[in-house]
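The chain below stands alone, shown as structure tokens; this is the form predicted on its own.
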Amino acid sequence: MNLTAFQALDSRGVPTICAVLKIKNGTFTATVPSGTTTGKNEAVELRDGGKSFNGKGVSKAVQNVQDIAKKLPKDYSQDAVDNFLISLDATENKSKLGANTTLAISLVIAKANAAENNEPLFSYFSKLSRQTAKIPLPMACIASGDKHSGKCVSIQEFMLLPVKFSTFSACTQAIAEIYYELGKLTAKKTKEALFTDMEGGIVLPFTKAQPTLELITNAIDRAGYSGKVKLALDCAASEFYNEKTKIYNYEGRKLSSDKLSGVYFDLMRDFSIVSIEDPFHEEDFAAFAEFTKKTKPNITVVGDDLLTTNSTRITRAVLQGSCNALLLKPNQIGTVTETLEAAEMARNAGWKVIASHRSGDSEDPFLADLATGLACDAAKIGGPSRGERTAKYNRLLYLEKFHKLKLAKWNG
């Protein structure tokens, strides 16, 4: 098998791995995304260390791909390749080979197999998952705080969720027009140059969630989409949790999980929030469960750092009732097969499944096909700017236009 790899750059200028597979039907590439804030239970991302690229190089992962290429089974079906990679690594968290190594191979195999079957990538994923393909609702980062922007808002992402539209193109138009209005409103609030965060959201001149949400709501109203576009939060609460004191340092206040829960309910009372991701620390299954119990059925409680696309953690969360939606990130687990298994487990529990980009992403739009093929309820794909984000929007627009796929509906 003519499989190799090279060290590419992600959207942050940080090295990532791009696998290249040449077969008789053509040449295929797959670029692995990477997170800035990562759950401690995510599969290991293999980095070189040392001085080169501040230790972030991936030359070891590149070499791993080239070494593994000589050993891959001749039957390069998805199951055969992924199960081989899992057994070759033989660790719980891909710490031997690196999840970036295994995912690069797994993804490029998926693309090649789709081409061999003479079908688009979304259709290949649809058959693997046994789901009827549909376009996910876009969950668009419109503004952010914490490590994604360099500002001091504790909540990491403020997102738009267009729930009252029948097409993805209409959703995209609404997001873009709200984005324009938010830019105008932000320019009136600050003398600083307008700039965007890692995921294409506008960096707002606030240190608290309340005025941030007020300005976004104002932008929604001015754009004419009040009632049609709802709000979603990614709290990434592990980032402002102190493991020694067991206290959340939220907006300058030291809060217990109960007090923090009250903050979220206040925000939900004042704003049209329909989804909250990672409201508590990544090991606090009990606080998640209590919060989910209180919010049902009106709010979607999404597990990201809590679950890390990991079947063992999903099983625990299902048993405890810790959330009602999975954030699906292939690089958290390391293969296409394990990603599909996680989605199936969540769906069998009656949860929503939300596919997600990473802050360090690329122009590779595979996530759009994955989310469509798996019939995900939504997909986090960032704001309507930055090429690595618009690549996903444009791929979904293409799939809707030329494959006549229907848009997912947000229930709840």
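Predicted model, so just to flag it, every value in this text is computed and none were measured. Don't overthink the numbering: it's just position in the shown sequence, from 1.
The same protein also has a form predicted in complex with a small molecule, omitted here; what follows describes it.
Out of the listed residues T37, Q63, T27, S385, T37 is the one that sits within 4.5 Å of the small molecule in the model of the complex by at least one heavy atom. Think of it this way: in the model of the complex, the small molecule has a heavy atom of just one of S322, Q156, S275, S106 within 4.5 Å, and the residue is Q156.
The stretch from 51-59, 354-362, 341-349, 370-378 that comes within 4.5 Å of the small molecule in the model of the complex, counting heavy atoms only, is 354-362. None of the heavy atoms of K94 is located within 4.5 Å of the small molecule in the model of the complex.
In the model of the complex, L327 approaches the small molecule with a heavy atom inside 4.5 Å. The small molecule in the model of the complex is approached by D234, whose closest heavy atom lies within 4.5 angstroms of it.
Using a 4.5 Å cutoff between non-hydrogen atoms, D197 does not count as a contact of the small molecule in the model of the complex.
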